[in-house]
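One chain comes next, on its own, written out as structure tokens in the form predicted alone.
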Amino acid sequence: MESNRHAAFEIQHEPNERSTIQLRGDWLLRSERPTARQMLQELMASDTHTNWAFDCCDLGAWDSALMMTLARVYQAGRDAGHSIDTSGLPDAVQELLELSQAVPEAAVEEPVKSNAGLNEKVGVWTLDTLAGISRYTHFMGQLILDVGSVLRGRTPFRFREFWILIQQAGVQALPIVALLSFLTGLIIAFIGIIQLQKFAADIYVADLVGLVMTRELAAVMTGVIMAGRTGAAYAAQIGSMRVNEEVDALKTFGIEPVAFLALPRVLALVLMMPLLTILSNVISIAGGMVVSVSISSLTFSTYINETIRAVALTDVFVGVFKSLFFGVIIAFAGCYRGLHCGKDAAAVGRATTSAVVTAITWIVIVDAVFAVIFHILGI
């Protein structure tokens, strides 16, 4: 008979198709003990015994060493279809075994096999597209409901963080927007004035820069910059919170993640985009003026007067109006991808990339749609 201090086990195969595992001695990490493989080999020796039970009458001290062994035996028995009775184990061990089985396995999407037929691939793509549209619609609806809840005072709004987001999306974005706007106006003016000089029409370079920037490029370019800068940051920030299970913690405390994380970011970017677009208009026109005065006979006053004559307030309002929608698109894409990214480090990178690509794609599409609408309306 084994000493009470040495870990050991014995399998009793009973005639009623029941195998009892008798545990003896001290099952401690610092001492030698039988392995789960040894226990399973003896248990599997009789294929007819489908019911397993435990007997701990002679069990001494134990720690996680016992738990690791029993957890492997328990899982292997369950996978093999055996019925396992844990009532003979100490209460603490039973609770830990139940807890170890309570966490479900992570769901892994099965990739489409390379040898799948065309119909199968089209079907999978269609189902994924419909599921994506459903998630987008749910997110948008939740965002709209949260806006109404904030306006009615039912959901607290964190103004302190909101002003920080305003600063990040506005003031801190001014240098990059100003630099690229100046260079864009400079390039358009340089290319335009070389062609216009052939017809002695240097003066119309002011019309070209002013109209192109105010109606189209200022809003689009600012949107692309903010998609790569702020939209990506939103996706990375929220995605990292999801990986660290901070989003799950918010849900546990009864806090809606969309209202807590997405809504302030969407409002901040929507408010800042028109201001950044107006700044882009002014800086780009100044860049065009620098080139025009430098390489032609135009003067500063002539260029400014021609710009005022060519560019109407309607043109400015068109660009500013579109920038509001671009701000919604950028913030929406960033927050959505962040909240729906996976829970590993690689998923954050994929979410960030997807947010930028999605935002830029929809900015171009929406700009084209507005161009057709404004043409039909004669604006």
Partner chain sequence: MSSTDIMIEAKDLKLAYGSFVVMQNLNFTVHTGEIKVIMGGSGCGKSTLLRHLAGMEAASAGEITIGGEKVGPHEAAMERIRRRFGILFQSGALWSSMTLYENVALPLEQYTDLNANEIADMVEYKLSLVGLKGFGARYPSELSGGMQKRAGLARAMALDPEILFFDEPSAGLDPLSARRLDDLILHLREALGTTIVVVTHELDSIFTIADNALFLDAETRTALAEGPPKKLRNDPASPERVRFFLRRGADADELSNPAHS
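Residue numbers count along the first chain shown, from 1. Given the structure is predicted, the values throughout are model-derived calculations rather than measurements.
Form predicted together with the partner chain: not shown, discussed below.
When you look in the model of the complex, the only residue of 250, 166, 188, 224 with a non-hydrogen atom within 4.5 Å of the partner chain is 250. For the options 158, 135, 78, 121, the one in contact with the partner chain in the model of the complex, meaning a heavy atom within 4.5 Å, is 158. Shown alone here, residue 85 lies farther than 4.5 Å from the partner chain in the model of the complex, counting heavy atoms only.
In the model of the complex, the partner chain sits within 4.5 Å of a heavy atom of residue 255. Heavy atoms of residue 290 never reach within 4.5 Å of the partner chain in the model of the complex, leaving it off the interface. Of the heavy atoms in residue 260, some are within 4.5 Å of the partner chain in the model of the complex. The chain is drawn here without the partner chain; in the model of the complex, the stretch among 158-166, 206-214, 87-95, 274-282 whose residues come within 4.5 Å of it by any heavy atom is 158-166.
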